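Taking the form predicted on its own, here's one chain by itself in structure tokens.
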């Protein structure tokens, strides 16, 4: 007898339906799993065998063949344990699936029949919803995450006996309630703790409001890393669509839990400069997302930027433009979303003191140029905002200056500016000014005669490229939004021009 059970699989961060076809036939007892299974899927044979016996069922003494269709896609992970078990019991007439034809099953089995949580539940639940599946059986710990796929009935299962009672009608399992997000205050370091550096804080506010890439350059101890770590406290609230997109990636990586099934704050990733290119973009024989995907809809902070390997920096160029990264392997290719806000910090030279008033820099002009040459021109051209972070004077540190604005005050302005952008572009348009394309630049970044004269003079003087010109317009649009202005004015454009790379970086 052959019994088919609907399950789900993952390819990148996209789920897709999988059918577990279980056949019992005569011949010598055996248990085979086909359909391009990896080692974890093949090991399901032993987990399923032990779980069936531990749950009080008879394991069939016959030839068992399980086909995971579509058979031309590689299957990975332990998610197929539960559908294989259900298919074998149904094929042996120990369970009936007549009332569950529109249901899907996912879950890992322990040897005693309990269900353990699996990774990637949200993208699989969303795939089930798209496929018209009405009911999804999942491990109880995964149920809160699965309910984020609105319109899908989620059945939380603790063990095989409980599932059998539900399928036979003896004891129905109530559906899991939809997980509700509770409001929580923004916690962490606050900008009110930063003394001085008003120009740099203004640049970060503009960057947060428009989603722009930032490069901070300054001597050691000037506060670059400190301000970058406080950036999450002023980032705008995520929309539900953005939160679900982030949660899908974190779910695939196993970084969600039943207590925190949804990513509620914009991610902030700060990889060490020894990271490899594969660690940054993702990869492996069964490709997994890298740091740039984990920073999707959030911040990727690269401290000591010139210390990163050149190949690591260069692989960022395409994701910075397209908002996605594609990983190609012999078995196929996967695409991960990678639309992040790049924030970088660097010293002006190897010793860190080039241009400092103390004159303590020991680097030669040649060594300074060699150090800065680690950043390619195309990479710098993709940075929207470059800001110099000077060392503080004693009076700024001693507390004789007024206290700085709190993150809550800055964040209110950022949220207001982002709300203007969402209303301007609509639900199907760019999420922020930094993502504007040619059409949006034409429609929303028009310049009057004064502004055109201003940027015409700066174009040749700064050696701008077409990409650099567009980035200046995007930053100016964000500054105008923070100012509550309908059109870009000369003062908005002048401030945007101040954020272009300084002379020593362009040399």
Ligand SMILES: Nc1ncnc2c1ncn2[C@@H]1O[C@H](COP(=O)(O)OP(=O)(O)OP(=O)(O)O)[C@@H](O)[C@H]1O
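Residue numbers count along the first chain shown, from 1. What you are looking at is a predicted structure, and each value in this text was computed from that prediction instead of being measured.
There is also a form predicted in complex with this ligand; it is not shown, and the following applies to it.
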query = Quick one: does residue 225 come within 4.5 Å of this ligand in the predicted bound form, counting heavy atoms only?
reply = yes
message = residue 197 versus this ligand, in the predicted bound form: is there a non-hydrogen atom within 4.5 Å?
response = yes
ask   = Any of the heavy atoms of residue 347 lying within 4.5 Å of this ligand in the predicted bound form?
value = yes
ask   = Is residue 131 one of the residues lying within 4.5 Å of this ligand in the predicted bound form, judged by heavy atom distances?
value = no
message = Can you tell me which of 187 to 195, 253 to 261, 103 to 111, 284 to 292 lies within 4.5 Å of this ligand in the predicted bound form, counting heavy atoms only?
response = 187 to 195
inquiry  = By the heavy atom within 4.5 Å rule, which residue out of 314, 304, 381, 237 makes contact with this ligand in the predicted bound form?
reply    = 304
ask   = in the predicted bound form, which of the listed residues (363, 173, 392, 408) lies with a heavy atom within 4.5 Å of this ligand?
value = 392
